[in-house]
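A single chain, nothing else alongside it, follows as structure tokens in the form predicted alone.
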């Protein structure tokens, strides 16, 4: 069985979501300076030759049994100053997704807003009740993910049986409201792209040390598009510092790596960074670690295919990783 946990879908024009919002908001969003800025901000992670290119969307991978679709355009609200408009925008996106991207094999993520956890919780409960969605995409906000500020979102996702997906939008380290990158604001998109794994490491550290998995033991979290070669060293550092300073975090009752190895999955792209110098076999030597890695094609953005896993990992380990997504299937609600 193949589960693609990181496939991207897009609208070709933002006017496609206008029918799912009130007329006054349509007038608000139809202004060129507004929708134009959204389009440009979603391109900031790319190289200059593609800046301003038409939106890209990938059809579901033919050989995949289930595909989780990430509406990447909606994730860019983490750089918006107008949080009221942001909620209207992603709510309309979710309505469009329910009508156009749900099938027996494809389930889009419900996009919510880090700026409004209470509204997000209501949106999760409402959409989950309708069925067809496979996860909750929470754009990274300025407040770290381990904060109790996000508890309404985690509670709603846990109750709905939907995993939380963290995927960068491309505005991180560049716009106020989105989280910064270590050291400061980098000048180029290339620099920011190189450093995006920092966001995943920072978010996992916050989730583990702020006790999110003690408060919500059923919560499942997926990190998409950040690579995964950094995971073994991060777990080693988490456990080492916890053993030394655990009296500072009494709410963390177990070795942090145990929470991560039970509640967190990480997608494969970019696969090659973890297979250089035989790193896969050297660093991911335990079944516990290998069980956390799920296939994510990241298409259409320079993604990987199942054949790439076979080439890089060998047939046995590729089959393991392609099937690891089955652990998420009980939390995927697909509409027949």
Partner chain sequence: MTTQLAAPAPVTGPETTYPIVDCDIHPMAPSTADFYPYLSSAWRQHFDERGIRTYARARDRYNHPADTQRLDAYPEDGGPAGSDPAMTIARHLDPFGISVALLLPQQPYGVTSWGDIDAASAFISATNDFFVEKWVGYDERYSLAVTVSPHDPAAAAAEIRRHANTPGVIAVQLLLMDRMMGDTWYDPIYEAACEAGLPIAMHQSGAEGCFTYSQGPAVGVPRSYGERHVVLTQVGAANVADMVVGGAFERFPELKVVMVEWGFSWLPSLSNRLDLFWQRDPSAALRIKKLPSEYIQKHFTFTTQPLDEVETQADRKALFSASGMSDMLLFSSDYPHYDTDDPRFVLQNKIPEELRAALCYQNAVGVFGPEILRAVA
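All figures in this text were calculated on a predicted structure; none of them were measured in a lab. Positions refer to the first chain, counted from 1.
What comes next is about the form predicted together with its partner chain, which does not appear here.
- Checking 218, 83, 100, 191 for any heavy atom within 4.5 Å of its partner chain in the model of the complex turns up a single hit: 191.
- Residue 248 is the only one of 214, 248, 151, 258 with a heavy atom lying within 4.5 Å of its partner chain in the model of the complex.
- The chain is drawn here without its partner chain; in the model of the complex, the stretch among 117-125, 69-77, 91-99, 204-212 whose residues come within 4.5 Å of it by any heavy atom is 204-212.
- Taking non-hydrogen atoms only, residue 32 never approaches its partner chain to within 4.5 angstroms in the model of the complex.
- Although the partner is absent here, residue 269 lies within 4.5 Å of its partner chain in the model of the complex, judged by heavy atoms.
- Although the partner is absent here, residue 273 sits close enough that one of its heavy atoms falls within 4.5 Å of its partner chain in the model of the complex.
- In the model of the complex, residue 181 approaches its partner chain with a heavy atom inside 4.5 Å.
- Against its partner chain in the model of the complex, the set 25, 60 and 87 makes no contact: no member has a heavy atom within 4.5 Å.
- Along 234-260, these residues reach a heavy atom to within 4.5 Å of its partner chain in the model of the complex: 234, 236, 237, 238, 240, 241, 243, 244, 245, 247, 248, 249, 251.
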